[in-house]
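Included below are structure tokens for two forms of one protein chain, each presented in isolation as structure 1 and structure 2.
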Structure 1
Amino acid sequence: MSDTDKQLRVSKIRNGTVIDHVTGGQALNVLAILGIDGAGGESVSIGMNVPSDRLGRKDVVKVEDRELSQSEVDVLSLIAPEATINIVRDYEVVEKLRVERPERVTGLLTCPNRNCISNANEPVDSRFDVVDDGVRCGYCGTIVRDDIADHLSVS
């Protein structure tokens, strides 16, 4: 990324988090996963299908006055594996995080197996173990490989 580019994309927010290189079309799912729906009063801006050298098209999400933690951003790896996270303070990028695949995600996805106990009316959250090329239900063992975003329970 050139310096001018950086100026344009990142320096617009004073304090907060810029999530860049999000897979095109996934910005709203990113917000859903992070539980950001505007109700908390954060100022949020979204760029969708912005041209990108690396991804062709990408989404960019900027959340002001909120610094995401590593564990929060790791969950994003399931739908936006190339995402980069910049933590911004006083217009400066003070920290860059890469998303890393978590070992397990809880409560985020709905098991596609309708006969799975996690879809019954039981007092448990869904639980998925992250495996090589997808996620696997911790209750029934069903594997989800493609279109993980279609199984989000939060969107």
Structure 2
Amino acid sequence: MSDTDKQLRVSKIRNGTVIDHVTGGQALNVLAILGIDGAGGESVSIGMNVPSDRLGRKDVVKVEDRELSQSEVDVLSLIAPEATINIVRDYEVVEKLRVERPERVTGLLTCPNRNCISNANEPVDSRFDVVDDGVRCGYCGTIVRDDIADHLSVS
């Protein structure tokens, strides 16, 4: 049996987005960012912890009939900084881009500091500045490093 016969094959999508080179184990968080929980009937394919020359292991998420908004790409870049976004139309990749970390994200994360004004039922959206080692709350200065996905507030 050749190596190609041993590989799991996931069919191509006609139109939509392929998110490749996602940090291993983060595919379900990607779905949370996209607001996909299975109830909406979206057609989604996921490969988790598959071998990757670049990352060691990676996740791949394919979503049919959906292109990502910039805010979705921004928060995705925080949990999967090596990700690539492939836009597919008529079974062909028409655009391929790498995610870029934004300078700031607003309204997408919750601050872990219970005393932060963004958690006090005030009419403010959370605001985080993206720093080298994570994100820093724009109100109280709390830094979130490795567990950014635990603070997603997207639905």
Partner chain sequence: MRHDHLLSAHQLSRADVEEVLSRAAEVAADPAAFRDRHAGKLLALCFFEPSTRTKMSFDAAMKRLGGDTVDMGSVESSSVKKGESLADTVRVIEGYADGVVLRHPSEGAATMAAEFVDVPLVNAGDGAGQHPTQTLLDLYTIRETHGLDDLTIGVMGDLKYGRTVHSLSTVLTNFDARQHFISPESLRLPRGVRFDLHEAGAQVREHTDLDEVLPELDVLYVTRIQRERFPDENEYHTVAGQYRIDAETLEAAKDDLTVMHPLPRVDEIAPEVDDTDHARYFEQAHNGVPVRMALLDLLLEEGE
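For the two forms, the rigid core is made up of the largest set of C-alpha atoms that agree within 1.5 Å on superposition. The first residue in the sequence of structure 1 is number 1, and each one after it adds one. Note that the structure is predicted; figures quoted are calculated from it, not measured.
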- Item | Number assigned to the form predicted together with the partner chain in this pair | 1
- On a rigid core superposition, how far has the CA of S71 moved between the two structures, in Å, if you could check? 4.4
